[in-house]
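Single chain ahead, written as C-alpha cells, the form predicted on its own.
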Amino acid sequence: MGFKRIQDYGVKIGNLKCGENNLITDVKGVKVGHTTLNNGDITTGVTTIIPHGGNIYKEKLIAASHVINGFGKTIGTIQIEELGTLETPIVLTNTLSVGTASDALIEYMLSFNEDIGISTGTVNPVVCECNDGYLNDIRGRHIKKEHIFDSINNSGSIFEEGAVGAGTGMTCYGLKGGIGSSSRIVELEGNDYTVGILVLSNFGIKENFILNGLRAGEKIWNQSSDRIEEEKGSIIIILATDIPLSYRQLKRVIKRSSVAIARTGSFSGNGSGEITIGFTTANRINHYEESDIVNIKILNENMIDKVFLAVADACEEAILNSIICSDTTTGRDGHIRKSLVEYLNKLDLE
C-alpha cells in the first residue's frame, strides 16, 4: 500500500492471524473510499464504508450500535438500535458537515431506489463525525455533496490510512491521527471467518498514550511543550464481520472496542465522543420479505470469546495504524500535529 503500518515497525498486537490485507475490507464485499481536502486552512475530508456490493436498502444487514461516551453528533444510530439493521453505506466526516453528508447519502440512495418515499418507507442514512477544528477551518463547511459521491465512487478493497479522507484533520494522543484499519481471523468449526475494524481516531491525551504496553506518551511528552490538557476528542469505530451474529450478539461484540481504547491509554473523557457501529454480512434481511418467519444463523454463545478477543486486538492495531500512517500536518492558522514517526527513535520499537 506504499506506506509503513505499525506491524512494519515490529509491533504485533496479540497472537491471532490477520486477514489477507489486515484491513476491514478483508470481509468480503466491504469497500472503503476517501475524499481528501488538504489545502492550507482546509484540512478535512470524507470516508465512506460500503457494507456489501448489492443494494443495501433491499438487502439490509443485521447491525448494532453502541455509545461508549455520547459526546457526538451521529445520524442513524437510533433506528439501528431499534430495528437492528443497516440499510445505507456509513459516511464519516467532520462535525459540522454531518448535515451535508446525510443529504448526499439520501440523494445517493434515492438514485437507485425509486420506491423510497413512494411505495415504501423512507431511508435511514448513517453518518458519524469527529471534530477536526484544530487543523481544519471547520466553520467554512467545505465538504460538499460531490465529496461524498466521490468517496463512494472511488471505494475499493485497498485504501489509504492515516491523514486521508475523514482523518485528514484529526488528532490522536496529541499526535496526528486519522483513519486506521486492521482485521483478525477467527476459526469456527474449521472455517476461517474475519473481523475487520476501521477507526477514525481523534482522542486521547499525549502523555497517556500507550503503544503495545510501552508508555510512549511519557517519552514523547519529555520532548514536547505541546501539552493537551483535556480529552476533548472522539473516535468512531466501524466493525464488519462475516460471522453469523444476531443483533444482540453484535451489540456484545462491538462493546469490546472499548478494551482497545483503554489499551492505548484513554479513559473515555467527558468530551470524547466514542461511537461503535457493527454489522455482519452473513445475515441479510430482505426489504420485501414474503415469508412470515425468517431463519437466520447465529453464533454459539460459548464461542463468542474468540470474537471478543479479535475485536480488542484488531481495534487496538487499527488505532495504532491511524497514528503511525499519518504524516505531520500543518493546518488552520499554522496549527501543527506531528506524526508519531518523528518520535520513533526514542521509542525503540524495532
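Sequential numbering from 1, following the sequence displayed. Quick caveat, the model's predicted, so the values are computed rather than measured.
Separately, the form predicted together with another copy of the chain exists; it is not shown, and the next lines address it.
Not one of T93, L344 and L349 places a heavy atom within 4.5 Å of another copy of the chain in the model of the complex.
The stretch in contact with another copy of the chain in the model of the complex, judged by heavy atoms within 4.5 Å, is 79-87, chosen from 177-185, 194-202, 79-87, 158-166. A residue is said to contact a partner when one of its heavy atoms sits within 4.5 Å of a partner heavy atom; K219 fails this definition for another copy of the chain in the model of the complex, lying far away. The closest heavy atom approach of H147 to another copy of the chain in the model of the complex falls outside 4.5 Å. Among heavy atoms of N153, none comes within 4.5 Å of another copy of the chain in the model of the complex. Another copy of the chain in the model of the complex is not approached by G54, whose heavy atoms all lie more than 4.5 angstroms from it. Contacts to another copy of the chain in the model of the complex (heavy atom within 4.5 Å) from stretch 131-162: N131, G133, I138, R139, R141, K145.
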